[in-house]
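First comes one chain, alone, set out as structure tokens in the form predicted alone.
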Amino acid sequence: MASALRAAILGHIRVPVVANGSKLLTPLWIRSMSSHDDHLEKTQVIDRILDIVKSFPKVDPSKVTPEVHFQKDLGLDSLDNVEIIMAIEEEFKLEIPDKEADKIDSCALAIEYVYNHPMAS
């Protein structure tokens, strides 16, 4: 009984895949289940992150570049770093786990993280 129920359920859930030579094709009626179909351009990410850092009160905007380090080049402390990460999370509507946020200490790392994040918008 359980195996028949399982087979019936899986029969409705599975997506048929058509083999075409060595390629596997999914039917055209299947749409991506991702709510994030369009990925941000790297230049958009760079511009928005630089704007966030430039607008930070303790930062001299003329010193901000895509390669700038938050503490070494801008003289920010760890609390300032956390505030910048929070601003980035808000700007791109994503949540950066603490483990990852601790590693982001420069514009370059922030840009790479956001650009590679699948849900950044």
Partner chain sequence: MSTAVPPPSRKEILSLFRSFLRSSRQFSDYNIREYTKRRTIDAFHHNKTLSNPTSISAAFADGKYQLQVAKRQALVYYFYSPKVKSIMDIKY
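Positions refer to the first chain, counted from 1. Not measured: the values here are computed from a predicted model.
The same protein also exists as the form predicted in complex with the partner chain; that form is not shown, yet it is the one meant from here on.
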Have a look at Glu41, Asp77, Asp60, Glu67 for me and say which one sits with a heavy atom within 4.5 Å of the partner chain in the predicted complex.
-> Asp77
Would Asp102 show up as a contact with the partner chain in the predicted complex if we use heavy atoms at 4.5 Å?
-> yes
Determine whether any heavy atom of Asp73 comes within 4.5 Å of a heavy atom of the partner chain in the predicted complex, and answer yes or no.
-> no
Would Ile49 count as touching the partner chain in the predicted complex under a 4.5 Å heavy atom rule?
-> no
Does the partner chain get within 4.5 angstroms of any non-hydrogen atom of Ile96 in the predicted complex?
-> yes
